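Taking the form predicted alone, here's one chain by itself in structure tokens.
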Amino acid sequence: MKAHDGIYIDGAWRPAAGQDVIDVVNPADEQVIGAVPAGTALDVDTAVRAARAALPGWAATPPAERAARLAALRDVLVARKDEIAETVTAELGSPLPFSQAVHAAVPIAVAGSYAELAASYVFEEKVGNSTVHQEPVGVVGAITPWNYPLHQVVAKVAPALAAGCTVVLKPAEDTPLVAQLFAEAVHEAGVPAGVFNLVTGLGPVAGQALAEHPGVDLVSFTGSTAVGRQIGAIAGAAIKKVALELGGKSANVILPSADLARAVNVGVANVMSNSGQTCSAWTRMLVHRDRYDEAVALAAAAADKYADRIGPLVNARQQQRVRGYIEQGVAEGARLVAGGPEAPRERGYWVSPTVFADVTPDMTIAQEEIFGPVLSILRYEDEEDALRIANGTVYGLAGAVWAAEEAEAVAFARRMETGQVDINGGRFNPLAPFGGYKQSGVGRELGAHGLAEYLQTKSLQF
């Protein structure tokens, strides 16, 4: 798609206040593929005013009509799914089959789920002599990351619209084109002017202005824990609702009874998917000492198969960061069994699929989020040791447990300090709540739990 040279406010594309633009670069070959406006605090203010003006009308719109608009939005996304996939491939570098299967298909499923939820959700209930109403929280400032650039947008905008909120979106500067395509889809779906607004721009400028704006009632942010901490502080000072979906260092726990080959192969696939740029990736594989060497050999062989299958990282900064972590792993004594810090191609932001063995829980690569195709394999002595290692980071976003008997895996998963656990390779469920314990965030996305984030409660006594 061709980039818009404006921002989408109050139902129309209009020039940004300033002249600055952000170049969009294809990370596979470093070619500039477009440019979008670098919105300023003035643009954010204009967008928030439009959202505030549209709020009373949208909040009063019957849920069935909001559901109809969301269904129309889903239908436009379906009609444009090939264009979505091609756009994400161009600006993120994700291989086209993955863009089709995940970057296009998952947001369509999520949009459809909120079309249904908007129609069926119980917005009022009787409790004794009271009626309890769930009302929209107001104007939402949504700040989204580049790693799943359309999914993260839909996971915020769809529930906000279902709840009756209006939205100002500031998408990641690396992947703004698919956000512009989404704005076109919202327009085509007949969502009233001002209900959804898009301001492209830099995080420290437009993102900060949105988080600080007194006209924003809730800030929903997905990204790094470091930036999440800043946004949480801004929101806390203003006594403003905040939803934060932050980093992860998820454990893939392979219990001794598990089908080792399957658990290792699915585990490696999980980490290499999206070039490792997934907050919930199972980047720590925990294996019993008696099966450790076998697991390491399986993982190294599996990782080698991904050398030609994964895309680049999103930009030069991320490539340098990930290569730095790989070098640090080697320096701290971990054993490289696949990949390494050398760039596999001359152009583009590529990193080889990398696997470390002999990783101990105190190593940097076992504690910090790398956000690249890097797997650390740790050994454990017994189940209590595995649990201690699994829970031994500041994060708690996702995880996996493998065992011969489902009940054994479930018993372990219930003791993990994390928001989502896949049992024996359980499939992604767009209706299940997604979000973290500890420093992985505040609040939940997806399904009814995701809708509840955008509501506030009023009780009337009779």
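Note that the coordinates shown come from a computational prediction; the quantities given were computed from them, not determined experimentally. The first residue of the shown sequence is 1; numbering continues from there.
Another form, the form predicted together with nicotinamide-adenine-dinucleotide, is not on view; read the next lines as being about it.
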(message) Check G203 for me: does it contact nicotinamide-adenine-dinucleotide in the predicted complex (non-hydrogen atoms, 4.5 angstroms)?
(response) yes
(message) Even though the partner isn't displayed, in the predicted complex is G247 close enough to nicotinamide-adenine-dinucleotide, meaning a heavy atom within 4.5 Å?
(response) yes
(message) Can you tell me if W146 lies within 4.5 angstroms of nicotinamide-adenine-dinucleotide in the predicted complex, counting non-hydrogen atoms only?
(response) yes
(request) Classify A172 as contacting or not contacting nicotinamide-adenine-dinucleotide in the predicted complex by the rule of any non-hydrogen atom within 4.5 angstroms, answering yes or no. (result) yes
(message) Since the partner isn't included here, can you check whether nicotinamide-adenine-dinucleotide sits close to all of N270, T364 and T418 in the predicted complex (heavy atom within 4.5 Å for each)?
(response) no
(request) Within 4.5 Å of nicotinamide-adenine-dinucleotide in the predicted complex, counting heavy atoms only, one of 258-266, 350-358, 215-223, 129-137 shows up; tell me which. (result) 215-223
(request) Select from the listed residues G207, P107, G164, P373 the one whose heavy atoms reach within 4.5 Å of nicotinamide-adenine-dinucleotide in the predicted complex. (result) G207
(request) Counting non-hydrogen atoms within 4.5 angstroms of nicotinamide-adenine-dinucleotide in the predicted complex, say which of Q152, S99, N252, N197 makes the cut. (result) Q152
